[in-house]
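In structure tokens, the next block holds one chain alone, the form predicted alone.
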């Protein structure tokens, strides 16, 4: 009974954000994803390399829409993606013959590594998972996956976040670097 009681929740729903805040979040996420996608489709797609990850969509929510969250700060964005990509590639290389096991090990280990390094960034779990389930186009990259798309894509999105999130007077990003 106590266990179920915990699930009722005791906090309040967050307040609505202003239309101005929604607009800046939209502009930032549009520009960030557009920049990463443009690099991918115009420069890299022909080479078989990649720049965009599904997990960047979730990062966009954090770094453009929840800019004060500790999970949205540059250390977390970069560290979360880079470390998780490293863990994911390693899990695939060691356990790829058992993809269900490699997937579970990749995500769980990525969470542990992010906790230990104070770089917790929820989309990092997806970055680790993509390294395992991403198919031949991802697997053929090997550890290059850590650099591109994970690190380089996160860096492009960070530059856009630094620019866009500091244009309005009522927004400031980042809260901290390290």
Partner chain sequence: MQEKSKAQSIPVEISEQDVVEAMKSIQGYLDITPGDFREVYQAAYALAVKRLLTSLRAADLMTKPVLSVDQVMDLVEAAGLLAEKGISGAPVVDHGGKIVGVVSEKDFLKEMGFGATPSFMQIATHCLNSKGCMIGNLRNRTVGDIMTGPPITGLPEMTIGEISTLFLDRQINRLPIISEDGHPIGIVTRTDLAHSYSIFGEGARS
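Worth saying up front: this structure is predicted, and the values here are computed from it rather than measured. Positions refer to the first chain, counted from 1.
Keep in mind the form predicted in complex with the partner chain is missing from the figure; the text below concerns it.
Only one of 102, 78, 71, 86 comes within 4.5 Å of the partner chain in the model of the complex through a heavy atom, and that residue is 71. Heavy atoms within 4.5 Å of the partner chain in the model of the complex are found in exactly one of 62-70, 39-47, 109-117, 142-150, that being 62-70. For the chain shown alone, residue 20 is a contact residue for the partner chain in the model of the complex, at least one non-hydrogen atom being within 4.5 angstroms. Contact check for residue 15: a non-hydrogen atom falls within 4.5 Å of the partner chain in the model of the complex.
Taking the partner chain as positioned in the model of the complex, the only residue of 144-178 that brings a heavy atom within 4.5 Å of it is 170.
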